[in-house]
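Okay, so here's just one chain, in structure tokens, the form predicted alone.
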């Protein structure tokens, strides 16, 4: 038994094995404050909505907060910003704890192996991720998990690049940040993040069109397709413009960082994941831009994860299972790890 946990700016996702299957439990990392009343409480209880009550206010958490915000034209409050715990949100840590409790659940036994994702330090923002890593690690350890933390980009490598012996470029385009890891034989050669992701797109679309950010996010997630004809001046047109700008920015910064190292003389496959890479047409546009970029490394092939939203949590699960095996005294080589990954993939749901 082991679990992987992706603590993302937009979603918190747990991956675990149930028999031969891999199952994912997901919740939005958001909350919305409403006025408390007996009737409201009764209706929320009846619908099994996750909420807490404090000082005559109700805080609705997770996916329901997002739905309420869309219905009433409000914006959700977010415990995380730019991939880390938001210093501007006073209720950030207790809200994250509640959502993690719901998604992760109790360990199957004392000190069950758990691997959680964390962003690498961004190269274009004046911030570091150490506090976030330590707080999320402490939160899950308090739940009696044996917690390890890995960079989000490395989790993508574990999840998607088994066939290349964990050698390649893992890119996770999330809500708060874009994370990048270049790995050779499962060892990071380069790991960093970039301060733009899905939230940046939503903010730019909101500024350009006047729509609430949550409305822009819903448009992006439901029915939007990159590369299709869109109405000029509408949210789809703005989304296309800013997706193009995000891809260009990510590739430019990737090339700058690659110029600072001497990578192994091999061809690197590329794996792209993250919830913000979900729109149909993304892979075609991103692959075209990568091929035109003349990167500082040789690329063998470019793959978009089959399930981009779940790739990081799946990679964390693979790391946790490896950790668990090592702690039980089993020596694992690359072939052992690859076999475990194949078993996970065959039963994945």
Partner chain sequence: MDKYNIDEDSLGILRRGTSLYYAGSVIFAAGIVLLIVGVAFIIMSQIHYGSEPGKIILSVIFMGGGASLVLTGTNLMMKQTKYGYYITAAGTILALLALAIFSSIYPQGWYYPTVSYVLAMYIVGILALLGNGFANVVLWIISSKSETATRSSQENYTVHNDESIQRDIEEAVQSSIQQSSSELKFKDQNFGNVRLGKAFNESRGKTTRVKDDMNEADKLKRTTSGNKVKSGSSEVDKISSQLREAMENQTAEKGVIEKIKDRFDKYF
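Computed from a prediction, not measured in an experiment: that's the story for all the values here. Residue numbers count along the first chain shown, from 1.
The same protein has a further form, the form predicted together with its partner chain, not shown here; the description that follows concerns it.
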Check: With the partner left out of view, is residue 317 within 4.5 angstroms of its partner chain in the predicted complex by any non-hydrogen atom?
Finding: yes
Margin query: I'd like to know whether residue 187 contacts its partner chain in the predicted complex, with contact meaning heavy atoms within 4.5 angstroms.
Written below: yes
Check: Heavy atom to heavy atom, is residue 267 within 4.5 Å of its partner chain in the predicted complex?
Finding: no
Margin query: Whether residue 163 contacts its partner chain in the predicted complex should be assessed with a 4.5 Å heavy atom distance threshold; does it?
Written below: yes
Item checked: Heavy atom within 4.5 Å of its partner chain in the predicted complex - residue from 77, 102, 132, 215 -> 102
Margin query: Only one of 87, 73, 94, 223 gets a heavy atom within 4.5 Å of its partner chain in the predicted complex. Which one?
Written below: 94
Next item on the list: Verify the flagged residues 31, 236 and 282 against its partner chain in the predicted complex: is each one within 4.5 Å by a non-hydrogen atom?
Entry: no
Check: 242-250, 120-128, 204-212, 169-177: which one contacts its partner chain in the predicted complex at 4.5 Å, heavy atom to heavy atom?
Finding: 120-128
Check: Even though the chain is shown alone, can you say which residues of 8-32 have a heavy atom within 4.5 Å of its partner chain in the predicted complex?
Finding: 14, 16, 17, 18, 20, 21, 22, 23, 24, 25, 26, 27
